[in-house]
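Take a look at this single chain, the form predicted alone, given in structure tokens.
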């Protein structure tokens, strides 16, 4: 998978896995990593799917309607890539915190839904429920931050609440932060996520 790896100065800090939104690239979320933990190593990945020329992490059938077969395949592809990247770059595979926005948040959520210990934690900006047909693994002790918009036309508040309930039901430690805006990523949401990270992953 096309990606950027930046070695951090703190080898014990989580590796920040950056996952862009539809039409983004592996460079989009690099500024977020600097705000969240400037000492952490960063692995920023570009989605392997193109939709009308726009990179994505998995296919969709329509707005908000996921191609579940492709989602499962691409989630395994990303999980396998993380295994390979950990060996290639010499970081702890069990010490990855995902930071995803929109489509990237959905693939990060799918990693949590499908693979126990795939992520140590996750910051999900404007995610949806990735899939409803699988039993979740035990997510006890996995902290998850969800940033959501009360007026998000793509991800309705009830979708956010369902995702939080599903993750919490599997044992994850879920924090939901609401903004009064739509699907865009706001500065206050980013700052709140960074403060959450610093509290949950002190260095």
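Since the model is a prediction, treat every value here as computed from it, not as a measurement. Numbering follows the first chain given and starts at 1.
Another form exists, predicted together with a small molecule; not displayed. Remarks below refer to it.
Contact with the small molecule in the predicted complex holds for none of 7, 44 and 85, as no heavy atom of theirs lies within 4.5 Å. Listed stretches are 131-139, 54-62, 25-33, 171-179; the contact stretch with the small molecule in the predicted complex is 54-62, by a heavy atom cutoff of 4.5 Å. Though the partner is left out of this view, residue 49 does not reach within 4.5 Å of the small molecule in the predicted complex, counting heavy atoms only. In the predicted complex, residue 154 approaches the small molecule with a heavy atom inside 4.5 Å. For residue 75, no non-hydrogen atom is located within 4.5 Å of the small molecule in the predicted complex, even though that partner is not displayed.
Not displayed here, the small molecule is approached by residue 102 to within 4.5 Å at the level of heavy atoms in the predicted complex.
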